[in-house]
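Okay, so here's just one chain, in structure tokens, the form predicted alone.
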């Protein structure tokens, strides 16, 4: 029997979750609390709790995060995830988003088709070092780091061969699928090989993220993220369990209007035992703090206009709080006040102002009546219903905030030097496959739903979106 990409993706997500739970036991506590909160929200809200995805989808949903060092490693990652129906979506430059030293660019590998997202939306936020960026790396350090990275092998040839075959043929037979999943999971386990203390420390002075990528012989899962329906409740409950959380929830504020985009938080990076090799050749046991437990609450995907509004409000919040020391609660209160003045409180108004993406569905037919013209009237009169599209992607500022909150130090960033030019087009070239635009993906899902409505209602014209 052929095991297709969807089944491979779901199985890999489960295996990675089980593996990470053995490596980071606090992750299991995070998953347990998330599921408790989700059950309570579902009992309280009923069907409304599933407006942004069924409880089965939300319970199974994970996003992972990994980091690699070279274009060759990044291209190999793309091949492995391609076998599971996961494709690069979006471009994130954390060099610019982070105030501390985070010398990486990133994309997210995930399904792009609506049906595949509904079946299993597993996504992996994948970052790559930009070692040619002089703000972080001198010519000498770039050379030595390049030699170190070039000499390691993250993924065995057999895994890459199976990945290529799975993508080309649409899956693998049972035996090969089992081998692929075993090798893929093993590739992201935390290495037991001793770490050179002096080399790791040299990189860590530049960036803790650079050390985590380039100071070790393999890659690993940095965090695995469950989805929760009430992130504020989870944040409080984790603290009650004695697990130290980062200072704030990243992303939009908690407010009484529609949930938009993505809210994220995490428990702080834990001290994990690792082996270190000293310069005299001796091996000693010590600790590193690089891995943490992240959790997310997903909202509605926004249009470019909606994203511009979000960015404007974030800038207004920064200006309003500039120079002030405030608690996370006080910051949220100021942010919520800003949102109340600028962001629609209803989904209908989000649609009317074209600020967010929805799918549209034909309502009950009206015998003998002709559907009215215009989407707004179709919705108002019940001819059409709307359902929000889940935001499947990430926010650079929030990702940088999570990274920074778990760094052991800010590192060193020479802002007087010019940064290396490495944009979305360059990343697509590294991957050897298109870098999908998330807005285009959401828009295509919306357009397909409107086409179905037009056919079902027998309309002889296009259904125009709000201007």
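Positions refer to the first chain, counted from 1. Just so we're clear, the structure is a prediction, and the values are computed from it rather than from any experiment.
Omitted from view is the form predicted together with a small molecule, to which the following refers.
Asks: Counting any heavy atom within 4.5 Å as contact, can you tell me which stretch out of 39-47, 58-66, 423-431, 437-445 lines the small molecule in the predicted complex?
Replies: Among the listed stretches, the partner-contacting one is 58-66.
Asks: Which pick from 73, 133, 204, 294 sits with a heavy atom within 4.5 Å of the small molecule in the predicted complex?
Replies: Result of the distance check: 294.
Asks: Pick from 266, 120, 101, 222: which residue has any heavy atom within 4.5 angstroms of the small molecule in the predicted complex?
Replies: It is 222 that has a heavy atom within 4.5 Å of the partner.
Asks: Test of understanding: in the predicted complex, would residue 31 fall inside 4.5 Å of the small molecule by heavy atoms?
Replies: No, residue 31 is distant from the partner.
Asks: Spell out, yes or no, whether the shortest heavy atom distance between residue 394 and the small molecule in the predicted complex is within 4.5 Å.
Replies: Within the cut-off, so yes.
Asks: If you check in the predicted complex, is residue 52 within 4.5 Å of the small molecule, heavy atoms only?
Replies: No, residue 52 is distant from the partner.
Asks: Against the small molecule in the predicted complex, would residue 27 count as a contact residue? Criterion: heavy atoms within 4.5 Å.
Replies: Residue 27 lies outside the contact set for the small molecule.
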